[in-house]
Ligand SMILES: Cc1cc2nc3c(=O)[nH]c(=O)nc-3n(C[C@H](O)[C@H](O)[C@H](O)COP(=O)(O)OP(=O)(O)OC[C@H]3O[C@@H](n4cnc5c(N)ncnc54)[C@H](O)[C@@H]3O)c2cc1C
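To begin, one chain is listed below as structure tokens, in the form predicted alone.
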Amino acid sequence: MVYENIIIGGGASGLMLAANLNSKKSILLIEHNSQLGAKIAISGGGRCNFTNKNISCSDYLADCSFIKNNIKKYNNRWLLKFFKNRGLEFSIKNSTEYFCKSSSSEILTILKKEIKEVRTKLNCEVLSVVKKSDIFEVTTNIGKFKAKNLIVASGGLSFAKIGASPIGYEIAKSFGHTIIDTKPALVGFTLQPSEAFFKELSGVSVEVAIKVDGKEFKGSMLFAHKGISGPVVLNASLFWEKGFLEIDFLPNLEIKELKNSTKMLSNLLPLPKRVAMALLKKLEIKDKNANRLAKEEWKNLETLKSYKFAPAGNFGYTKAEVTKGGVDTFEVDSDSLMSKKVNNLFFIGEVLNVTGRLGGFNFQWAFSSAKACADYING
């Protein structure tokens, strides 16, 4: 049998693609895990933050010209309507992030219902893909399958515990595609010896602003046993390659506001006492009445508004939310998501060199790219 479409990957993009393709009985969905949508199930603390109220190119590490049409045409309003029409109840967190109201299983239930006529192979590992004449031949651990269209929706390398696989990159390379170096993203930072004292603050969270690569993120930073984490750090990790970044430990305070106070400095700083004392020690400032600080001490204190340090690295793929890098988008048509090198070979979702920041942006891209690809294939 020759299928119309073989989809490799049963995650967010693969499921949305299958849900929107016509001729459901001529689709084969291949998933190497024992279940569909494993990453959906665990995302957002089990509630899946699937989109965001505010989405633009600036929220992604990607070529804007490649993603802008799809995230505009198949935007958050389209996605919310798609799920709402199928009974999904959702809530908003942090003013902009959309979550399932009770559980990620709600989205999975909807998508599985949409693809009930699609033939699905679980625990099916793709070994190789070739194209003979106009037909793709996919060799797996349970046999060979053929199709006119091949859609790679295999995701990235993060979350090894749920079976992340490099197969999408391997397929792309076998057909002559360039792979932009892959790295963990939306992940915590490890530390150089100069910031080792951060580890002594493990478990404490502070509100900060972090500047990296011309961008600024505000939010919660968590001191961890391995280094630093928390939403603001995860977002910064997307745009950090190497070298220095800058932390403002006092984003809502101007240092000059403290100069005339007779209170102890550690009590004035809007930081947990442990953090305040550790930072003062690092800056060689004695804890005393603010109005007794010397000129040089005030200068050192200003460092808390622009604390520069270079991370040693990150926590790796086992802790990363997503993978940055992937199939070079310059070799893929932006509207159809079809390869510019091989007809009827498509790439959607995280396998591409498109990575969004924390807050529902990556699921939005997975769903948007899948819908665009489905519309093109449907004609």
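The structure displayed is predicted, hence computed values, not measured ones. Throughout, we count residues from 1 along the sequence that is shown.
Below, we turn to the form predicted together with this ligand, even though it does not appear here.
Highlighted residues Ser56, Pro184 and Gly326: none comes within 4.5 Å of this ligand in the predicted bound form, counting any heavy atom. With a 4.5 Å cutoff on heavy atoms, Leu337 does not count as touching this ligand in the predicted bound form; it lies far away.
Under a 4.5 angstroms non-hydrogen atom cutoff, this ligand in the predicted bound form lacks Ile151 among its neighbouring residues.
Proximity of Asn33 to this ligand in the predicted bound form: non-hydrogen atoms within 4.5 Å are present.
Although the partner is absent here, Gly44 is a contact residue: one of its heavy atoms lies within 4.5 angstroms of this ligand in the predicted bound form.
In short, of 163-171, 260-268, 108-116, 276-284 it is 163-171 that has heavy atoms within 4.5 Å of this ligand in the predicted bound form.
The single contact residue among Phe136, Phe239, Phe198, Phe159, judged by any heavy atom lying within 4.5 Å of this ligand in the predicted bound form, is Phe159. In sequence order, Cys124, Glu125, Val126 are the residues of 102-131 having a heavy atom within 4.5 Å of this ligand in the predicted bound form; the partner itself is omitted from this view.
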